[in-house]
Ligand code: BGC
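One chain comes next, on its own, written as C-alpha cells: the form predicted alone.
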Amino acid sequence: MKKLFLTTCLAFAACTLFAAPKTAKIRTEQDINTYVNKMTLEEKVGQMTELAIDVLGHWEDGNFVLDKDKLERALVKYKVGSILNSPGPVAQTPEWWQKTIRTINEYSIRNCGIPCVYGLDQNHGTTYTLGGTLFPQNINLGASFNPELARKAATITAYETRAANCPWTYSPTVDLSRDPRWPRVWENFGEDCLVNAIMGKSMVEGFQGTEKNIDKYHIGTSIKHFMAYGIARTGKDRTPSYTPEYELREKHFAPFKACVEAGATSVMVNSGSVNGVPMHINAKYLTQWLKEETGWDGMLVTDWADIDNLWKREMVAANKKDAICMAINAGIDMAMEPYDLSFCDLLIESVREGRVSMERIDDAVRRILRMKLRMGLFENPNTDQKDYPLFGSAKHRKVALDAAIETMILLKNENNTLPLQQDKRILVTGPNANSMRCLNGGWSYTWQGKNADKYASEKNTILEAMQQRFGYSNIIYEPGVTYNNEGLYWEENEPQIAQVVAAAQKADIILACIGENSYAETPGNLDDLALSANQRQLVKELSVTGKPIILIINGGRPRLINDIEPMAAAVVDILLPGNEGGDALARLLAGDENFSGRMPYTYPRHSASLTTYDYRVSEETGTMEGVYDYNAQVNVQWPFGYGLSYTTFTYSNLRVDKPEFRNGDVLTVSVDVKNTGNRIGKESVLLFSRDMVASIVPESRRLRAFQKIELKPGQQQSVTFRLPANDLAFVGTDGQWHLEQGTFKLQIGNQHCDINFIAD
C-alpha cells in the first residue's frame, strides 16, 4: 500500500503545478443554460461519456494505480464527464476511494471546471468498499413488505458511499422478476409492480433524501433497467423479451414512473430488446414515455457497452457510428463506454455531419449538469472522510441484522419443529452452511461475490452462528456437498454424502443448507431450474435416517425442490440476507425472533409450470371432460405473499365505505387483524382486487396495497387502506386506461367482499 500512496501523492503533485482548480459557478437552471452555451462541442460530448476506471491506471504489486498519462488523455484531452466501477475483482478501502475519486476530480475540474461524477453499483450496501455495511439483497427487502426497511438500508448505504467520496449509485433495480430462470431475480423486489414501485420509491428517498438538492450524506440514484428486462423469452440475461404494450404500460413502466416522480436523478436502460426493438434506440419509450409524459428532467445512461451491442449483437446498426446516432437520437444522454474513447470522436463527427442535432446534444448535457448540480458537486466535489464517523458502525450493522431477520420466510413447520430446542444435537450440512459468499450473493465486495469469505471473515456463516447460539458441543458439521469456488458458480466438488449420513446417527435434527452459490448477471444463466442433483441426493439419503430435516433455502431465485420438500419437517427460505444473515437465521431458529417474511415471487413446483400470482383467469382452465380430458390448473410450490409465523393471525370484518363507487372516488377499505397466538409477531396485510368481468381477460387478482403491523398476543388492530377508484383500472389493447362498469372482488386474508363501479 505504500507504493499506492506514493503514486497517488504524485498525481496530486502533478495537479498543483497548475493554477488551483475551480469548479464552474453553476447554481441555478439559468447557470446551466449559460454554461452550456459557452461549452465547445468536444466538452459537451466529453460530458456524455462514461469510462471504467480500468482505463485510467494499471496494476502494480497487486494494487491498482492511477496513471498520469491515462488521466490526461481521458479527462483533459477527451474531457470525459463520468467514471464508474471498481478496478478488477478487488474491494478497496474508503481511504483508497477518497484519494482516487479526489484525484480524478482534480483533473476534471482543472480541465473545464466541471467535476466528474463517479458511479458504483451499491446494490445492497457499500458493495465495493471494505469495512462497510452490507444489507440483505433487494429481493429480501421485497419479502419484508416493509418500505421503511428499504428506506433505512438506502439511507445508510448513501452515507457510507459518500464516506468513500462517491456521489452516485446504479440502484435501485426495479425490474420485475417474473421468470424464475432469470439470473437477476434477486436484484429487485420480486414479481409485483406495486411492491417494486413502493420499495423503489422508498429507496430513492433513502438514497437521495427528500429534498430536491442532495446533501453530502446522500447520493444520486440510477434506476435500472428501463424496462421489461426481467421477462426475456429464454430466461437468459440480456436477451429479447416479448410482451404486449398494455402490460408494458400497466406493470413494467409503473415502478420507473414512481421512482422518477420521487426525483430519481438518472435511469439506466435495459440491455436487451423488447418486441424486436433494442431499448437503447426506442425513442417512444425513452423520450416519449419516460421523459415527456412524466416531465422528468433527469438523465438516461446506457448499460455496459450497450451502444456497441447495437451493431455487434443486436444487428440493428451497420457500425458503431450508426449505433451512436440511433441511441443519442432516441434519448440516451450518457454512454457507458467502459474502454473505448472512439465514442467521442464518432459523435462529434455525427454532429458536424448533421446526423445528430446540437439541440439533442445540449439537452443531454443540460441533464447531466443538472444531475451534478443536484448532487452538490459544483460547490463540494469531494467529501471528507472524517465527516462520516458511523461508517461500518455497530449502529448500521444492527439495522442490517434487523432487516435480515424480517426478510426470512418460514414456508413449512410441521408439528412445531421450529423453534429448535436448546439441548438438541444438530447436524449442519449442505454447501451453503459455511459460506459468506452464499449469504451475500453477487455484487458483494466484487462483481460475482467470489471473495466475500475473505472480506467478511469476521462475520458468521450459518454454521458459525449456530455454534455460537446453540453451543459448539451441540453442533455437528459435515457439508456433504461443497462448491468449487475456483470454477463457475454452479460447479460442485465430488459429494461426500456417506459421511453426512453417518454423522446424522449422532444428531437429533438435521439442518440442510441448500441453494445456490453467488453469481451476477450473465454468468448466472442456467439451463436447469432444478436444484443440483448432488444437493437433492444429499437430502434424500438423509431422509432415510428418520431424523427431522429442516431445509434452509439460500439463493437468488427459486430452484425446484418438489421431490425433496415432502421429506422436510420445516422449510425456511432466507434468500440472500447479507453479512448478518447467519446470526439472523440462528436467532429465528432458536425462537429469539419471529418470522414475518412473505414470498416476493411465486415459487414454482414444476419446470414446465411457470407463472405469476396475477395470471389471467383463463390460465386456470380446470379439467375438460371427454376424450380431451386434461388438467391445466395452476400448480405452484408456494404462492406470492405466502409466509408462516410462530404465532397466528385471524382476519375479520372486511368493510368498504362505498359498496358502489364512481370515477374519482377514494374507497376506504378496512379489516380487523388479531394476534390469536402466544407470541408477538409482525403481519403483512395485503389487499388484493379482482375485476370479475372485463373487456380483456381479467387477472386472477392484483395487489393494490399493503401494510405491515406488529401485534402482541391477543391484540387486535383495524387496518385501513385508502384505495383510489382509478387504481382498479387496467390498460387495454388501445394503450389507454379503462375502468369499466361492473363488479370487483376485494380480498384481505380470508376475507372477501364485492363492490360495484357505476360508470357516469
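Because the structure is a prediction, the values reported are computed rather than measured. Numbers for residues come from their place in the sequence shown, where the first is 1.
What follows is about the form predicted in complex with the named molecule, which we do not show.
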Could you tell me which of 491-499, 342-350, 81-89, 589-597 sits within 4.5 Å of the named molecule in the predicted bound form, going by non-hydrogen atoms? 81-89
With the partner left out of view, is Glu516 within 4.5 angstroms of the named molecule in the predicted bound form by any non-hydrogen atom? no
Though only this chain appears here, would Glu245 touch the named molecule in the predicted bound form if you measure heavy atom gaps against 4.5 Å? no
Evaluate Asp363 for contact with the named molecule in the predicted bound form, applying a 4.5 angstroms cut-off between non-hydrogen atoms, and reply yes or no. no
Contact test in the predicted bound form: Tyr217 vs the named molecule, heavy atoms, 4.5 Å: no
Picking from Arg178, His225, Lys201, Lys152, the single residue whose non-hydrogen atoms come within 4.5 angstroms of the named molecule in the predicted bound form is His225
Proximity to the named molecule in the predicted bound form, single hit among Tyr603, Trp97, Tyr170, Phe378 (heavy atom within 4.5 Å): Tyr170
Heavy atom within 4.5 Å of the named molecule in the predicted bound form: which residues of 112-130 meet that condition, in order? Asp121
